[in-house]
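For reference, the chain that follows is the form predicted alone, supplied as structure tokens.
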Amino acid sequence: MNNNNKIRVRFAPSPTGHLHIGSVRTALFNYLFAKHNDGKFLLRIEDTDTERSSENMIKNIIESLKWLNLSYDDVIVYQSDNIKKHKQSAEKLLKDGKAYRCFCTKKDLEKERKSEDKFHKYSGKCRNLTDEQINKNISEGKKFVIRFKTPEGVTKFKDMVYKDISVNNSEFDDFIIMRSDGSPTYNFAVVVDDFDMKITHVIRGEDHLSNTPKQILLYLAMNKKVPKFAHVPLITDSQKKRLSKRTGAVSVDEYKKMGFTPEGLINGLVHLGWGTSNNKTIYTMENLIEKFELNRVSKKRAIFDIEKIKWINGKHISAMSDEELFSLVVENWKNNSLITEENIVSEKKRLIKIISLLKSRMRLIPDFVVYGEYFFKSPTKYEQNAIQKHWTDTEIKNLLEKMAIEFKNIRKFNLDNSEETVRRIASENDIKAGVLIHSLRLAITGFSVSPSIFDILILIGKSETIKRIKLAIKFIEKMNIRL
């Protein structure tokens, strides 16, 4: 296309289940390609499977795209609204002699299959029925499907990812385009719908690659312009098998519950099959729109690495402002009974300071609960390896006792005074300050790693600090008795 403004792509999910991660990656590639080229990203709901489609799933798809900030242009197209056009297009193919009615029953087809020694294709038994035979069958109420007359020859096309594809038409039988109940098959419906929506580029998973030659034949038979095709690699697990629920093929809702941010999840998914020459990892949506090109999509199947995506998500959490994170984090704290609705209002400044202190270390939003609980509660347990490393020295208990006394005597308990006190005790007892700081950190947080311990002390307050040191001393005493 010389005029990029004419580019139109579509995301076309079936509302038979929640939007899962593979579908989201497809939607993302369509969205980025459209926006990079100042084109249109359209949404079509393929809801012709009336038994399995549901309004709840349609709502879920729309809400998931909204949460991911993948906003579609124009109104949503529902495939079920186009049934009349599907029928009209099939009738036109019948009239032009490019399709035919097939009255073969399931029993007839089964008999054919059993008689074939090689890979079975429909024999074309009904291909040359006379008008008289057709009218007689119809008058007798015989059900029929409409089959496409697959022409002889070879279908060639240039895929934007897989490059030159060539398929001999003899590999196909006369495939069905309309079922006996009057509903269109997938390959026929998408051709009619894509043309009707003026789709210029079809970007979808490589599992659809085998459908493309059939669809091209239908475009040509209907004298329609064939869109460009791009098939992106499937996502696999570490064993190079298709994703299962266990290995990551879960819904957007599940990733949201896990604590991913939309920006982090999008950034993680874009690397599944796409990348830039500089191997940059962290992108904003604006960066991706600017950089995205289909020639950077690999033919190699993408391996899903949940830990890498969590790491990427953490980088996005770090980049978010404290105010942006506030509502997400406090909701988690409240749901885990660490704070109340009243605390959110009365202690907002303190809560924002806690978020600011923690965010560079968090990968998922619930991490603010796991690694931030000590801002609201005394630790109920201590990291086992840290106990062995920092609390087995016989002098540590005495030093912690001195610290509790010194802290109690500080008139102004602030950042400078608390740090000066710890470093002075370490110096007076001829030990490295780090030894005492690590022991104090374990007492206050229960962990061996945390943000600056002195920032934490000020945020939990003087009395709480002393209380936790005393609890740690009791724990050490019991531990020494057991030893």
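Note that residue numbering follows the sequence shown and begins at 1. Only a predicted model underlies this, so the values are computations on that prediction, with no experimental measurement involved.
Here the subject shifts to the form predicted together with a small molecule, a form of this protein not shown in this document.
Novice: Pick from 374, 186, 172, 407: which residue has any heavy atom within 4.5 angstroms of the small molecule in the predicted bound form?
Specialist: Exactly one residue meets the criterion: 186.
Novice: Only one of 214, 359, 204, 147 comes within 4.5 Å of the small molecule in the predicted bound form by heavy atoms, so just point that one out.
Specialist: Of the candidates 214, 359, 204, 147, 204 is the one lying within 4.5 Å of the small molecule in the predicted bound form.
Novice: Can you pick the stretch from 408-416, 342-350, 186-194, 390-398 whose heavy atoms fall within 4.5 Å of the small molecule in the predicted bound form?
Specialist: So the stretch in question is 186-194.
Novice: Does residue 12 reach the small molecule in the predicted bound form if we count a contact as any heavy atom within 4.5 Å?
Specialist: Looking in the predicted bound form, residue contacts with the small molecule include residue 12, since a heavy atom lies within 4.5 Å.
Novice: Can any non-hydrogen atom of residue 420 be found within 4.5 angstroms of the small molecule in the predicted bound form?
Specialist: Output for residue 420 is no: heavy atoms all beyond 4.5 Å of the small molecule.
Novice: Indicate whether the small molecule has at least one heavy atom within 4.5 Å of a heavy atom of residue 46 in the predicted bound form.
Specialist: Answer yes; at least one heavy atom of residue 46 falls within 4.5 Å of the small molecule in the predicted bound form.
Novice: Using a 4.5 angstroms cut-off on non-hydrogen atoms, would residue 208 count as touching the small molecule in the predicted bound form?
Specialist: Contact with the small molecule, yes.
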